[in-house]
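Look below for two forms of one protein chain, each set out as structure tokens: first structure 1, then structure 2.
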Structure 1
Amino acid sequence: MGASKLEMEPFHRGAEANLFLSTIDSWKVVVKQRISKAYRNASLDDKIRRERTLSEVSTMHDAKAAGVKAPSITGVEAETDTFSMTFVDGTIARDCLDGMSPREATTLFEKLGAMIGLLHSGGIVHGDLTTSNIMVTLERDPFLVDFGMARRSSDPEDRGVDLHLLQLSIVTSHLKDASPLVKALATGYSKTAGRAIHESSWAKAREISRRGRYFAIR
């Protein structure tokens, strides 16, 4: 990829990685570089960052192969724990959901549910599924971003955690009533996940919700 040779503009600083804006040819890209942790042994730190970078790239590739809308990988530089991906032009759902009409929001969440169903039926869980990690394009299509905690799993518990986290994100961060959005999410999910995955995942999400004494999933 040669990311170290690209002209990069700081875009976002996170606890685990920094994001930069750049271009490859005429394409606008986002470059993600994992941060070294001084509290870890240097060789262990290198190993962890390398493994997490390659795992994220791999799961993003597999998610797209399953039909999920996510950024496309444009290059990898394992030596610097860096990769680049296509820039998604849109707004983070966290910043635009409350401004949507009820119809816009439920339509968005039905599309989102269908995408999560594809992700889960493809044997992948996102691991950090909140409205901060969903981009909404100008066409009101959802894109999943930040696969840093994603992994391969067919465990209903892991799928239930994804669904529970998203619902909890709505309840704690937004003004909207969660019930219509959860219903739309489940409707979309049922269209792509298949009956067995749909039933086991939502059963686990309800169980997780009860364990934590949060809200009941309707």
Structure 2
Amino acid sequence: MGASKLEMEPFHRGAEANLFLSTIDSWKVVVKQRISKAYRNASLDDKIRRERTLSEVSTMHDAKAAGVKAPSITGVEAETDTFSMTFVDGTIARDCLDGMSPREATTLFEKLGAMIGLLHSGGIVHGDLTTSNIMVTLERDPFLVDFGMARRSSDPEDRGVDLHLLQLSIVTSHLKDASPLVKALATGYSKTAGRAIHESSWAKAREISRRGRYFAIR
């Protein structure tokens, strides 16, 4: 990593990080560097970027071991809050979902559900599961990226947050009706998560969206 990447223009400026394309031998890789936030106190900023980078690298690795499709880690440089991973040739669901036929979309969400089921039954939660962090390949296979908020957890509440957030990201960012997608997601999820996890996670997800905290506390 190091010097070569710094001369390049990032191909993506995200909420947290700049991403650069690079190569290792004949492999395309993506270099992700968490950037400092001007709004944040400097020591808090350093702490958050370091923690997120290290947890992203380890949970992404664990997720793959659990059978989830995610990039493979190819290098880490903690001092610069940077790591590299294999390149996923695809588009984020944020950009391609609305262009899909209802059939394609439900097929995708069923596969996605199965993958999240594997993640959760492997004791990992993603923590930022939105359509911006799901990549879709040409073969219409979903890949999970952006594990910065991910961690090990077997708390149903945390799994519920994943499922809830994914639904919310459809409702707030996509014109498609969320309900058939959520149904497909649940079908896929039930196939890999196991019955106990399936039931507790969805019960929590429903509870979270019912809470309507914003209105109750006035």
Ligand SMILES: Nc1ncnc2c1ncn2[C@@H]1O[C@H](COP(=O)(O)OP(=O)(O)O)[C@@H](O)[C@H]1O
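Everything numeric here is computed off the predicted structure, so don't read it as measured data. Between two forms, the rigid core is the largest collection of C-alphas that superpose within 1.5 Å. FYI, numbering is relative to structure 1, first residue = 1.
For the form predicted together with this ligand, the corresponding chain is the one labelled structure 2.
Residue 64 shows a C-alpha shift below 2 Å between the two structures [criterion: core-superposed Cα displacement of 2 Å]. Once the rigid core is used as the reference frame, the Cα position of residue 194 differs between the two structures by less than 2 Å.
Core superposition places the Cα of residue 47 4.4 Å apart between the two structures.
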